[in-house]
Structure formats: C-alpha cells, structure tokens
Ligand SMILES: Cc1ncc(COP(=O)(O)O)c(C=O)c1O
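Only one chain comes next, encoded as structure tokens, the form predicted on its own.
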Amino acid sequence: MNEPHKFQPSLSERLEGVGEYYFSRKLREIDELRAQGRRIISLGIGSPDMPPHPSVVQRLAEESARTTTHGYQSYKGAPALREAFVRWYGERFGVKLDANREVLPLIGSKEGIMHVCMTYLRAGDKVLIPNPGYPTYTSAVRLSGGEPVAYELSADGGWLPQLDMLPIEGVKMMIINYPHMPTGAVASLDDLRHVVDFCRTHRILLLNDNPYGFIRNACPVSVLQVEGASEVAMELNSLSKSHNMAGWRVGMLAADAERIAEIMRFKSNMDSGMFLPLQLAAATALSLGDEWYEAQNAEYRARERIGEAIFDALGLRYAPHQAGLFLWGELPQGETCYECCDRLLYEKGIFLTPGGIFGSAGERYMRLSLCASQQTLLEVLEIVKQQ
C-alpha cells in the first residue's frame, strides 16, 4: 500500500542561506558522545560558569516573593533598570544618557541585533559584517532581507577594519564588535572615532556590539564616548558576560532618542517586558563596584595563563593582551581548524571551537573558552600534553 504523500509546507525565503547555528548542531553531537559513555570537556561556548553576585540572587528572590511583581511589564523596561543602565554608562564610560528616551532594555543583546536589522533594513540593503565575527550578525541581516558584505580583519591589522578598503555603494549599516569576538582584539577610542567619522561621512548607520568590555580589558570604551557619535551610532551591551548572567537574558541598546523610538515600533510587536523581579535584580548587578570586576578578572587572568599553556602544548600561536572570555590561537601549518577540533574531540574528549565558523578569515585559528574552572583547564592541559 502506498503511503500518503507527506505534507511539506514550503519554507520562507527568509531562511535561504541561514542554517542551524553551529553550536546547536555540535552540542547535539557532544550529547550523543556522552550518551555513549564518553567524557567530553567542552571549552567551546562562552557561558560564564561563575554565579552572579549573591546580592543579585537575593534581590531576585525577594522581589519574586512579592505578590505584586508578576504582571505584564512596560515594553521599554522598568524605570529602575533604565536608570541603572544610565548610571552604569555614566560611571563606567562617562557617557550621559536619558533614561526615558535613550536606553532600551532587551531580552539579551542578541535580540537587539535582530531588532535593529528588522527596523532599518529593506530588501537588498547592504550591511558591513566583520570577518571573523559573530555568526548571528550575518544571520540577522539575511533574515531581515538585507545583504551581508563581509569586511576582512587580520592579525597584521590588529583585527581592526581597514576603512579605506571598505565598499560604500548601497551600504546602509556597519556592525562592529569591540572588544572583538572571537579574536579578543581591543579598539581604542581613537580607533572608534575613525569608524564613526567614516560612517558619518558616508551616511552609514553604525552598530557596536559591546558585551566584553569589562572582561580582561584594562580600558573599557564605548563608541558613544566619541563626540557626536549618536548621530550615526548605536551600542548594544549585556549583563551576560560582565555579571555572569547569561541565562537571565538582560541586555540593552543605547542610542539617540529617535532611534530608540523607531526600534520600539518593531520590538513592541515582537515581545513584552521582562519579568519585573529579574529587571530589579539586574539593576542591583549594575550597581556593583570595582571590587566585583577586579575579582572576576583576577580569576579570568589565572585561567588565561592555563589556557595559554594549553595553546603552547597544541602548538598554537596567540597574541598577548586579548580581552573577553576567550583565547584565540593560530594553528601551525597542516590541519584545518575543523580537522584539529574533531581530532581533539574524538581522540581526547576535548571540544574547542574552530575559527572557521566565524568566517573565512578565521580558518587558520581556534578559540578556547575560559568559562571553565582552573581545575578543569589544568586537566585539559594534562590531556593535551599526552601525545
């Protein structure tokens, strides 16, 4: 008997050229290996393993216990959270923002990338995307109907955009990300000023994704510190990395009041306000002093030293003074990044990230996450030393 024809709805053209996220697929593969009894140590993903400050967790618990905090919330975020973001930007960057008009809390900054793209891109609009860079930039542009145009970064150029080499015809927007992921490169205020001037000259909207500014970085900067930057620039930030709150999904967008109002037109049709106790706990996190950042960075620096020893054992070259949650290392000639990562996974039970997933300019590199304890990193070091 013939089986009835299976109904298969056609997919939206928006999904053309957009595949499943690499880590989504790879984590399923790792789960299958673990189900077979294999022990796999993952140093692939930048999800902080340390908890938020106790006062943040306590605030969440206290506010959640109230009977009055469980209803729908404002689309533009609770005043307490917006005001906390404003104080944070003022204290940490010297940037003055209007809490009512120039700050938009987000359910993680990743959604902000999509909101910005959906708000401003029309079919065929070109967007300058860093290569290597966060794959979500390319996906968000494509899903929004835009055309991603990669601009190649290199170690020789300090992983900074070579502005005189960038195309401008048909370009609507440019995305930058400093401190840079995956390379750990930092941009000075002068570097950002050059990018702002370029975008202003060519009437290009600039989006800086800035979630790594306070991790292993001696001089955090914001693109909004550049005089007049808000004319063309917006900035995303997040508590995921800086405050160990990745699963809480709390981010923000800072921009000119007109830009915020435009993006609200899209966002308010896509989601609702965050759980109020979560917002109030995030406000507590933003009030933490220097001792919080210093303690976090002391731990990450200790992990960094072990990570560098792991790269040494693997024969990878790496630049000093990288920022963020990762180490970025260049492979010796021979294996591709994918071959090396698969060999480590299947032969030694260690998962590192192949640099090629971040773009063609990353194909000779590998990325190691520092979101693992010193003990775990030392265990990995002993494993990779065994030839």
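From 1 onward, residues are counted along the sequence shown. Quick caveat: nothing in here was measured; it's all calculated off a predicted structure.
From this point on, the text means the form predicted together with this ligand, which you will not see here.
- request: Spell out, yes or no, whether the shortest heavy atom distance between Arg82 and this ligand in the model of the complex is within 4.5 Å.
  value: Contact check for Arg82: no, nothing within 4.5 Å of this ligand in the model of the complex.
- prompt: Contact between Ala185 and this ligand in the model of the complex at 4.5 Å, heavy atoms?
  reply: Contact with this ligand, no.
message: Is Glu235 part of the interface with this ligand in the model of the complex - any heavy atom within 4.5 Å?
response: The answer is no: Glu235 has no heavy atom within 4.5 Å of this ligand.
task: Using a 4.5 Å heavy atom cut-off, state whether Tyr151 contacts this ligand in the model of the complex.
output: Looking in the model of the complex, residue contacts with this ligand do not include Tyr151, since no heavy atom lies within 4.5 Å.
query: If you check in the model of the complex, do Met181, Pro211 and Lys241 all have a non-hydrogen atom within 4.5 Å of this ligand?
result: The answer is yes: all three residues contact the partner (heavy atom, 4.5 Å cut-off).
Listed range touching this ligand, judged in the model of the complex by heavy atoms within 4.5 Å, from 106-114, 287-295, 257-265, 86-94: It is 106-114 that comes within 4.5 Å of the partner.
In the model of the complex, the residue from Tyr120, Tyr134, Trp159, Phe311 that sits within 4.5 Å of this ligand by heavy atoms: Going through each option in turn, the one that passes is Tyr134.
field: Partner-contacting position among Lys76, Arg249, Arg200, Arg101 - heavy atom within 4.5 Å of this ligand in the model of the complex
entry: Exactly one listed residue reaches within 4.5 Å, namely Arg249.
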